[in-house]
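Heads up, the chain below is alone and in the form predicted alone; it's given as structure tokens.
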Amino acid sequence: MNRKKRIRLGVFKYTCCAGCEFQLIFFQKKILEIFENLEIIYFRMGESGGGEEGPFDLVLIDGAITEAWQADQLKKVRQAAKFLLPIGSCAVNGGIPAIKNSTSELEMEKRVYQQIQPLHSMKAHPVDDYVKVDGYIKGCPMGEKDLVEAVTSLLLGKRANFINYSVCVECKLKGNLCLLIADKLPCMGPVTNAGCGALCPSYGRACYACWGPMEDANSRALAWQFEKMGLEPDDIFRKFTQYASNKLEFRKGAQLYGSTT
């Protein structure tokens, strides 16, 4: 890509807390030299609207898909974008919104709303259930390192190299004792994609798996280990559905102790 040409960026938000968009605004101040190469075409939270149709060089999608209009718009955006990346656990894995997927949609609507007639919700899905994506910027909220890698790779015309190893590797690099072995804590680090810098384990807290599963995660083995440690089936099920119930790697662990349908 011509380095003199500014990248046309679109940022779209669906069902989420918008934390990744706040993170994007925060990163913009820290890594200004990268964002100076971006022309923001559409970013409602950043008060850049009106360019919803594109075309875009890069589109970032924040949030899970929980309504039909979101899926329809996402498909149109995909057609207008050269590169499309989901940002954060909701867009990448279904995230917190996907916790509801183990309950019927009607029952969930009745729990939350007094009037359900106007609702048109559906189970939460990650972005790649509907369109082809060009990589994943994981995290809850998204990680700075992967975002920088994505944008700089686009500027340089090279393939992005995203982190693909477990949180355990980051713990080893930081010299942390293994909480799963040493302290018998139900840590999700062995199956969770790294990128957070082992934030929770570094402070003595077991990993919550908010970055979602790493590739080829052996979730069944970790679930069995949790059972040996005395965790109740419901607790084990929640461990694997709190942030990424849609992903096969975590469903393998969750399905041993509950339903993910």
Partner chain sequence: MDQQPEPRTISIDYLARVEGETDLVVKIGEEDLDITLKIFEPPRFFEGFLVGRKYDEVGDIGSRICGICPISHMTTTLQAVEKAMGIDPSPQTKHLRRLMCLAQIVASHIVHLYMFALPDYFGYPGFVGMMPRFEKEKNNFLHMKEAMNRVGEVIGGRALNPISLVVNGFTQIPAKSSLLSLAQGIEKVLPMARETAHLIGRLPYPDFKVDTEFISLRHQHEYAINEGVFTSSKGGSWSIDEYQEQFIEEQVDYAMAKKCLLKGRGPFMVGALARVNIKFDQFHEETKKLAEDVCFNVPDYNPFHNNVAQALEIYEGMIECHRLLTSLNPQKEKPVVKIRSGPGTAVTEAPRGLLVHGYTLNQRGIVEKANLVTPTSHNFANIEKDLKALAEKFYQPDNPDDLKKKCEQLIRAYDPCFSCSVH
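Please read these numbers as outputs of a predicted model, since none were measured by experiment. Residue numbers count along the first chain shown, from 1.
FYI, the form predicted together with its partner chain isn't displayed, but the following is about it.
Taking non-hydrogen atoms only, residue 141 approaches its partner chain to within 4.5 angstroms in the model of the complex. The shortest heavy atom separation between residue 247 and its partner chain in the model of the complex exceeds 4.5 Å. Although the partner is absent from this view, residue 108 contacts its partner chain in the model of the complex, with a non-hydrogen atom inside 4.5 angstroms. In the model of the complex, residue 80 stays away from its partner chain, with no heavy atom inside 4.5 Å.
Looking at 203 to 240, the residues that come within 4.5 Å of its partner chain in the model of the complex, counting any heavy atom, are 203, 204, 205, 208, 210, 211, 232, 234, 235, 238.
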